[in-house]
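Next up is one chain by itself, shown in structure tokens, the form predicted alone.
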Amino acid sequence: MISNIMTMVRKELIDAARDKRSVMAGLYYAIGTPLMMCGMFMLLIGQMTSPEDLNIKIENSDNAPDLVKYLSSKGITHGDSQSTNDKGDQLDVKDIRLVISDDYAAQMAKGLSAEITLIADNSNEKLQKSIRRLERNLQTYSAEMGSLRLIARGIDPRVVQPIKVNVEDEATADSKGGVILGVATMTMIYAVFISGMNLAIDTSAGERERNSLALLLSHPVSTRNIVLAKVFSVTVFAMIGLLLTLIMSKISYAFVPWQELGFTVTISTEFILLMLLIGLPIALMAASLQLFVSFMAKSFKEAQSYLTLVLIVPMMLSMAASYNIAPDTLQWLPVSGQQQALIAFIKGREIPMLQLLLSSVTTLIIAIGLTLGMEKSLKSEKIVFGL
């Protein structure tokens, strides 16, 4: 039985290797996604460490020269040209206006509250970050002026600050880097579903359209062996995609200047081995799911459409685990349970073995159920001939 299955697995892999375009289409994600993630992280780090100057329009700026000078020192200037926000979008100076009241100087001289008005469209997503940046600096300037007024009156500014909060961050450099790598694990797990998808469609709906599925089933080989061979073949491609993703991530992430944020992101050999071990049950489930859906479809294009919708489910589970928005019940489910265990590992915490074990067992049970379902369906003429 095992020798028959291995022979059929080799046959499926040889057939898939002949179609190089289909093979590469399945592996483009594994190669390209780490590079795109690397470029995105480089861009974000550049924006966070050296934000662009914000150019706004300040009316009656002569009434508050000290305020204008303070804002200028924080990279907030006023003029008639365009500026760029932290996302790289071009902003006109008229988009954000700061109106200084006519009696600003007189009120400040009297030690009273001086009025300034910030005018902007807060519903404009391009402006929101720039508006918050301006508000923070205005609040800081106001606090500094308040402290100077108290000192001028012989009052210690600490009197109005009865509580001083000291925050001690116990996060290590590795755990901070684990936050970034935790998000990256989402793309790694998703590679399992993407890499073998083309082969899954081709070896099911594709074979049926080429009229080779019925010929294959006519051979003196059990239907179960045929199904297992197809599942194992797709699993091999899925695991190759995962391995390529890990290798490309290890190489590309080394070029990202993480040190500018005060931490490092390292894809260790231990993480790669753990990822491959955890990814194997997921790859088996992904292969079984994709083949099952493809056999249920009546054509190659219909299978592509169905799988595009089906793959939204594991992506949502992975996103829920990555951004820590998953309810407690999801920690026992496939994909999200394994990913949370991976995130705990890369942050240096103890791996929740019970959670990992149960989610992996659930994953294998689903894979076995789908495989048995395929075996039963291939005994139906409607499925074999796409009727």
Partner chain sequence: MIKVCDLSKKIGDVQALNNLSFEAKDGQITGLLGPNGAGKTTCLRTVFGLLQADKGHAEIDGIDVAKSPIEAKQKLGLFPDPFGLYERLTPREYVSYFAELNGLSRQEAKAATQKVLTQLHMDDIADRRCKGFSQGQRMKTALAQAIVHQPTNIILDEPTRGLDVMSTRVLRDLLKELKNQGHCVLFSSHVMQEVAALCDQVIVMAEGKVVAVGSPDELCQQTGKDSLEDAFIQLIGTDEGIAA
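Please read these numbers as outputs of a predicted model, since none were measured by experiment. Positions refer to the first chain, counted from 1.
Heads up, the form predicted together with its partner chain isn't pictured, but that's what we're talking about next.
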Practice task
Would you please decide whether residue 376 lies within 4.5 angstroms of its partner chain in the predicted complex, comparing each non-hydrogen atom pair?
Solution key: no
Handout entry: in the predicted complex, residue 95 touching its partner chain (heavy atom, 4.5 Å)
Key = no
Exercise for the section: Indicate whether residue 212 is a 4.5 Å heavy atom neighbour of its partner chain in the predicted complex. Expected result: yes
Practice task
Answer with yes or no whether residue 219 is in contact with its partner chain in the predicted complex, where contact means some heavy atom within 4.5 Å.
Solution key: yes
Handout entry: Interface segment, criterion being heavy atoms within 4.5 Å of its partner chain in the predicted complex, picked from 203-211, 132-140, 115-123, 101-109
Key = 203-211
Exercise for the section: Give a yes or no on whether every one of 60, 62 and 147 sits within 4.5 angstroms of its partner chain in the predicted complex by heavy atom. Expected result: no
Problem - Stretch 9-24 - residues with a heavy atom within 4.5 Å of its partner chain in the predicted complex - result: 10, 11, 14, 15, 18, 19
